[in-house]
Ligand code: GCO
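Okay, here we've got a single chain as structure tokens, the form predicted alone, with questions on binding and movement later.
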Amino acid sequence: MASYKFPDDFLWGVATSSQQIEGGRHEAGRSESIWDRFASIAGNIDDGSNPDVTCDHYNRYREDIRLMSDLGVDSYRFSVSWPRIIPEGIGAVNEKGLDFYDSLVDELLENNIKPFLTLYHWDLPQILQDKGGWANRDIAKSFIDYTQAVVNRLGDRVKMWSTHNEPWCITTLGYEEGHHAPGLKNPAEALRVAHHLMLSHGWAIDVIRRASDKSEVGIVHNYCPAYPHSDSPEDHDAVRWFDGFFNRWYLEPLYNGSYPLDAIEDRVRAGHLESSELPFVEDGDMDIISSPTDFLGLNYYSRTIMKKDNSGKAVAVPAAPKEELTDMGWEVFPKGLYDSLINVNEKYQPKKIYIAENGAAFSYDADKNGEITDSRRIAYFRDHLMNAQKAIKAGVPLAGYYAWSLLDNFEWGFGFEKRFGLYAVDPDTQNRTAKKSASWYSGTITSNSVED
């Protein structure tokens, strides 16, 4: 049996997001988010549910922190709800909203759990969406006021900050394909959205550093490695197209100060841009976006296999039989995590990398003894962690791993149908039940290693 040992200072954590677990929709002055509005429209959420209560973390955070303490995690990655902090999107700060996170952070620190705070995990105040959302450059400025409010209150204790979670999802799923809130389908506007997200990231870095001494500041990107279906030049070009659209559009500005030229030309050919001159980029923007960061957060779930179809369009190819996929329909491909870490490290040399999310949706019911034996999730974690350790040995500055997720929660457009949690949550009683994967993860943390 092989043992994969991690560095002594490696951070072990779990991750969640405010919209997915907090509930408390109307508590202490919180306003409507774009996901509250999106979920209220019939047909947008697969199971017809909404995030009004979700896991009731707003009222049960102490119980959930005890679960984290039982796991033995070093760190907890969570996000703050913008509608809870500045209900009107701009203007007056809701101190009662900040009180919740103040108490959350104190409780974490009392349990020796390092808070890792994400400022934006998709729950934009609806009132700002009514003004154009992230397509409006002024919203990026409003994000700085929100950032200032949060860091002023929490920056003395929170020392790990992420500006945004998965700008690709916000941009493509929310503004280009309409699968996520706000449910729009405008590819040209989506490019503007992506730029304003990255611009607000750059602006926020300086705000955080000035108000929170000795903090680490970064951003989290969902990285998806692409592989060609065949060795043909056409299929390799399909990989190039996907990588430019999904990964490089966000990482090139961050590290190289420019958008990838080939991806710009792809957008021109698709009719999303009139020319290679990007109309939404103003003087100085790219310098701001490429402000140095202390880490890059990578979320990894699966890979994609690309080919050119008969019309010359780049398309994804099914990678595995349905029975081998997760409940999200994603292939389990642990080597993709290794490849992602190696590729990102070689291309961009980030100072430090955190795996900010990694996990799998599998549904398991409790047996007659009340136990939930989620063996496929355990195997998923084990195999991905082995590849993470291999990447460390290959020289990748990987400093931590955050399992997605602590709890079964509101999984966006799928509602409560997709279960990623280490703990099951009864929607009627809100009781938490540890799955076998929770025990396995706790043992991994204790040993600081994975056994093959």
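Computed from a predicted structure; not experimentally measured. The numbering used is simple: start at 1 and walk along the sequence shown.
The same protein also has a form predicted in complex with this ligand, omitted here; what follows describes it.
Colleague: Among Glu22, Tyr58 and Tyr120, does every residue place a heavy atom within 4.5 Å of this ligand in the predicted bound form?
Modeller: The answer is no; none of Glu22, Tyr58 and Tyr120 reaches this ligand.
Colleague: Which among 78 to 86, 121 to 129, 136 to 144, 93 to 101 is in contact with this ligand in the predicted bound form, heavy atoms within 4.5 angstroms?
Modeller: That would be stretch 121 to 129.
Colleague: Answer with one of Phe362, Tyr301, Phe242, Phe295: the residue that has a non-hydrogen atom within 4.5 Å of this ligand in the predicted bound form.
Modeller: Among Phe362, Tyr301, Phe242, Phe295, a heavy atom within 4.5 Å of this ligand in the predicted bound form occurs only for Tyr301.
Colleague: Could you tell me which one of Ser212, Asn165, Ser340, Thr326 places a heavy atom within 4.5 Å of this ligand in the predicted bound form?
Modeller: Looking at Ser212, Asn165, Ser340, Thr326 one by one, just Asn165 meets the 4.5 Å heavy-atom criterion.
Colleague: Should Glu357 be classed as touching this ligand in the predicted bound form when contacts are defined as heavy atoms within 4.5 Å?
Modeller: Yes, Glu357 sits close enough to this ligand in the predicted bound form that at least one of its heavy atoms falls within 4.5 Å.
Colleague: Even though the partner isn't displayed, in the predicted bound form is Asp64 close enough to this ligand, meaning a heavy atom within 4.5 Å?
Modeller: No, Asp64 is distant from the partner.
Colleague: Considering only heavy atoms, tell me if Phe38 and this ligand come within 4.5 Å of each other in the predicted bound form.
Modeller: No, Phe38 sits far enough from this ligand in the predicted bound form that none of its heavy atoms falls within 4.5 Å.
Colleague: Using a 4.5 Å heavy atom cut-off, state whether Tyr227 contacts this ligand in the predicted bound form.
Modeller: Tyr227: no, not in contact with this ligand in the predicted bound form.
Colleague: Going by heavy atoms, what in 374 to 412 lies within 4.5 angstroms of this ligand in the predicted bound form?
Modeller: Those in contact are Trp404, Glu411, Trp412.
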